[in-house]
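First, one chain by itself in structure tokens, the form predicted on its own.
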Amino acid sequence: MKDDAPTFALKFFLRLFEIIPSAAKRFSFLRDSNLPLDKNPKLKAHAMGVFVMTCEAATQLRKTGRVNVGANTSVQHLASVHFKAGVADVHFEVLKFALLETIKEAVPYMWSEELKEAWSESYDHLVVAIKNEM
């Protein structure tokens, strides 16, 4: 996935918007944009940031057995932004589904229940950190 992370990061969010089209309205940088979602540079940058953060959590989990994001000030900022946008549990769950489907598409030859569980766990750790700050 690293070789084409920008493509998969964007697919990750486009999948979210396929499932919940109204979710795009929660992103301030998309509300006033006339660009198609797949061409929006701000969405691409945002998607890449989320994707990288999730990948880093997965790497931490694999290397240390835990994800340490509690002292991360970007998590505090993320929590504030998500709270103001009215992000609810269902949004986090749909994003998780979109992430897992994107990874499954990215590495179909490696996909397994074990890989799904590992990514689920790392994503869940990030969400818990964000929710705790919210």
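For clarity, every value in this text was computed on a predicted model and none was experimentally measured. Start at 1 and count along the sequence shown; that's the residue number.
From this point on, the text means the form predicted together with protoporphyrin IX containing FE (HEM), which you will not see here.
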property	result
Residue contact check: residue 78 to protoporphyrin IX containing FE (HEM) in the predicted bound form, 4.5 Å heavy atom	yes
Residue 28 within 4.5 Å of protoporphyrin IX containing FE (HEM) in the predicted bound form, heavy atoms	yes
Interface membership of residue 126, protoporphyrin IX containing FE (HEM) in the predicted bound form, 4.5 Å heavy atom rule	yes
Contact label in the predicted bound form: residue 97 to protoporphyrin IX containing FE (HEM), heavy atom within 4.5 Å	no
Triplet 11, 55 and 106 all within 4.5 Å of protoporphyrin IX containing FE (HEM) in the predicted bound form via a heavy atom	no
Within 77-98, the residues that have a heavy atom no more than 4.5 Å from protoporphyrin IX containing FE (HEM) in the predicted bound form	77, 78, 81, 82, 85, 87, 91, 92, 95
